[in-house]
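Shown next as structure tokens: one chain only, the form predicted alone.
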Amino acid sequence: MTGSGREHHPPPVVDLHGLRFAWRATDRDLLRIDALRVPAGEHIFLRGASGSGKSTLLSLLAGVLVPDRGRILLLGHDLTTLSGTGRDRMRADHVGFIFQMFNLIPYLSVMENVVLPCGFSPRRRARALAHGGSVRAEATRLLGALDMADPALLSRPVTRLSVGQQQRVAAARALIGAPELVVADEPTSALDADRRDAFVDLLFRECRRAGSALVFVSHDAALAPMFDRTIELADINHADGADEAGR
């Protein structure tokens, strides 16, 4: 029997087709990926050797870079057809980025760093207001959820924080305003195993609360069992130049 109502699945957060990328036109491709889909709410562990193109792929997914060929759809919007300003707007509204070196603004306080995305994106600001009542209240909640509840820390310059504390500030900044996609580039590389596992647990909890998809890049295979799906970059990247880049 055929039913009239088929189950409706929302479009994937990321839908990539036929991607080709090289740093210069004369170079071999660093990335050649036929397809990659990231459904809403899924937590993906992306593993690869150093220099294999993991960070480059994250930058492409977030619209920081543009592929030489192919399409990258973010929430159904083709990033490859947007202007630089259009990609910046999509990233500000829909992507939280946790950088390997955190990229916190050194002359701003903890609170000022966390609320920064809401100054660039009215959409993120509105979501933060809906979740927390005020942007500062939502920032405080996120910091508390990430074990940064001490009120004395909120006005402290980020340069006076430990590496672990800076990492959690970077995560709170990425998560505020419930972006649909969170990308994390080796954010646990400076942590010992116990602190690493605790951080990933906290990140999962907040991504689940917001319904955010997570693409987490690392070469640390011990983290893989914690995720919904593991992708080996070497399995999806068919570029001849990838092996050379990874050596």
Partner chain sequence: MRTVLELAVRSLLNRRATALLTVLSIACAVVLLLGVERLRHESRESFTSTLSGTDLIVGARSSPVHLLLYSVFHVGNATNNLSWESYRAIAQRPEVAWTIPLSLGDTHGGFRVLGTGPEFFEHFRFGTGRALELRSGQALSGPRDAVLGAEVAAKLRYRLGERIVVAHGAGDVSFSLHRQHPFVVAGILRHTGTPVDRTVLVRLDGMDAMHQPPAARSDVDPLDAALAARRGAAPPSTAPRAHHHETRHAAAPGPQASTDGHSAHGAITAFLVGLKSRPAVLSMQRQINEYRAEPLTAILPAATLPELWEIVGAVEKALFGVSVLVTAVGLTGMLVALLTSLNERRREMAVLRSVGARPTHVFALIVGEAAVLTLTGVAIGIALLYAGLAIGQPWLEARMGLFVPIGWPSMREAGLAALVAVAGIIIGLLPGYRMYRQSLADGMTIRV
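Keep in mind that what you see is a predicted model, and the values were worked out from it rather than measured. Residue numbers count along the first chain shown, from 1.
Absent from the display: the form predicted together with the partner chain. The rest refers to it.
Every residue in 187, 198 and 227 with a non-hydrogen atom within 4.5 Å of the partner chain in the predicted bound form?
None of them does, since no heavy atom lies within 4.5 Å of the partner.
Quick one: is residue 91 in contact with the partner chain in the predicted bound form, heavy atoms, 4.5 Å cut-off?
Residue-level check for residue 91: yes, a contact with the partner chain.
Though only this chain appears here, would residue 168 touch the partner chain in the predicted bound form if you measure heavy atom gaps against 4.5 Å?
Residue 168 lies outside the contact set for the partner chain.
Closest heavy atom of residue 130 to the partner chain in the predicted bound form, within 4.5 Å or not?
Contact with the partner chain, no.
Though only this chain appears here, would residue 153 touch the partner chain in the predicted bound form if you measure heavy atom gaps against 4.5 Å?
Heavy-atom contact with the partner chain at 4.5 Å: absent for residue 153.
Within 4.5 angstroms, counting heavy atoms, which one of the listed stretches 103-111, 137-145, 72-80, 160-168 is next to the partner chain in the predicted bound form?
Going through the listed ranges, the match is 103-111.
Scan 40, 202, 191, 64 and let me know which has any heavy atom within 4.5 Å of the partner chain in the predicted bound form.
Spelling it out, the residue with a heavy atom inside the cut-off is 64.
Select from 127-151 the residues with a non-hydrogen atom within 4.5 Å of the partner chain in the predicted bound form and write them out in sequence order.
Contacts from 127-151: none.
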